[in-house]
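So this first bit is one chain, no partners, the form predicted on its own, shown in structure tokens.
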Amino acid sequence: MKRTKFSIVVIALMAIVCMSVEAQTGYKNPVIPGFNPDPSVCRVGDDYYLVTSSFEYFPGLPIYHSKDLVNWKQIGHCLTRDSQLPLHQVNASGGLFAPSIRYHEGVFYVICTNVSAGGNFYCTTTDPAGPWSEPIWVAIDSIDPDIFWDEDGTTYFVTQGNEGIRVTPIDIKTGKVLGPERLVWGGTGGRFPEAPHVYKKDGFYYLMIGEGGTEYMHSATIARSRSIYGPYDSCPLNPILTHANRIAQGFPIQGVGHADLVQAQDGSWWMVFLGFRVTQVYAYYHVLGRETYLAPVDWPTNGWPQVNGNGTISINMEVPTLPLHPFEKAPVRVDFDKDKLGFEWQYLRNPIRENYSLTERKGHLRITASPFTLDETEAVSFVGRRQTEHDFTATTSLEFQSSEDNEEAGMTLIQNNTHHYDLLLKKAGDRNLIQLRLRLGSISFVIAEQIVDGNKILFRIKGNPYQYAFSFADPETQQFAELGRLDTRYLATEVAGGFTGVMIGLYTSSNGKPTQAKAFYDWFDYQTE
């Protein structure tokens, strides 16, 4: 039987509707993969904005946008100027801790702590893509700040103190403290009560915090009061989110906590929070850093919030979602043909800007060597992006212009300045050497090396849950040869310490001497499996 044009159109529309309905059930965690900890979220209309911690990396505090809480796209950074973010000689995992993002009377606020310079501050804008204002400093000695506006117009600064959560009235225009700091809740007894957020609902002030430390005993707990100053009654369901229990002890997601709540435009409630992925290979190691996760919340009138039914979450979340609005996937290849690097790229500390150029050679990223090395807490000549999955392939094309021995350029997998793996090209007399080198604490060792012709090379790093494989190729033949393999676990947080995740970097260094060496990177591929 022949189908009419009308029937074909109807069938096509029905198929689209079915696909749309199906797409609104279920999503995959994490919603922002890779090193993106301490998420905070706010809603304006049907738009959502989220910020995460960035520590010693510059620019600071990535800003993400979403229409559905599931699909996120980075739209900028809060702190893009040296005057906003001094990071000179900041130690690994120093710098920026635990931001919050809020919206009030037409203005966006990002509230944060620079633990290495200045303390608590907030920045403002009317466009979350930026630019943001210079920091407004708040003279309260604490970390993990948030701002809460009460219905009577009072503005409160909510922070973590050593003994618990404190609430302090401030002048929102100047940051001036207007009253005493008051300790309002010490949590349920878990160590490090932190990450406070206050919400007003059904006449109650709800105070949600993180407890247990941002490790395997992490959790989110909540209490409420009729007064912002308390006393606060602890929720009988506490902790409302944790994987430090028998139910979740074998889950691939661990360390969940440091949460924030948001009500969607349809009235539903959702929670964003950090967690980290471990593997079956190394059950108690994680290399990707703490990532951003999402869970539905049931919050009845006059009741307590319940996270995903039993306070645990999974990678595959089979729950109803908001209508999904996915973004176009990022391209595998970056050709360095734009005027600026993409938002995914960051420097270690404040960059020496003249060491970088996207215009000196069209379609290339030029990085001029500095005397600083990856082992130092300095403004090394480095740009990097997050490792977002255990299974990935990163490849780049490098030309290294060097005239002195011991100058080098290449790729690095860096957890911090004391734990990194480097795949590099260097000059040694009249030869060019490729080396695979590791730095593990006080140990620095060349695993393998190979003499090559010329100063142009392709480098490739392939990762899986338990090993990284390092390879090289002549740009003409593009036939890759493996130089060596190294275990992922030695770049894990459990070994290296700190609060960040592995970054995949492009760098160059003259290892302590004045230099004119330059590295030209033609392109960079990043593909996940």
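The first residue of the shown sequence is 1; numbering continues from there. Values in this document were obtained by computation on a predicted structure and should not be read as measured data.
The form predicted together with (Z)-L-Arabinonhydroximo-1,4-lactone (6LW) exists for this protein as well; it is not shown, and the discussion that follows is about that form.
Proximity of 98, 195 and 214 to (Z)-L-Arabinonhydroximo-1,4-lactone (6LW) in the predicted complex is complete: all three residues have a non-hydrogen atom within 4.5 angstroms. Looking at 139-147, 280-288, 414-422, 234-242, the stretch with residues near (Z)-L-Arabinonhydroximo-1,4-lactone (6LW) in the predicted complex, meaning non-hydrogen atoms within 4.5 angstroms, turns out to be 139-147. Proximity to (Z)-L-Arabinonhydroximo-1,4-lactone (6LW) in the predicted complex, defined as a heavy atom within 4.5 Å, holds among 472, 27, 499, 48 only for 499. Comment: (Z)-L-Arabinonhydroximo-1,4-lactone (6LW) is not present in this chain, but in the predicted complex one of 271, 87, 78, 274 has a heavy atom within 4.5 Å of it, namely 274. Mapping the unseen interface onto this chain, residue 55 counts among the residues with a heavy atom inside 4.5 Å of (Z)-L-Arabinonhydroximo-1,4-lactone (6LW) in the predicted complex. Annotation for 235-269: the only interface residue with (Z)-L-Arabinonhydroximo-1,4-lactone (6LW) in the predicted complex is 258 [heavy atom within 4.5 Å].
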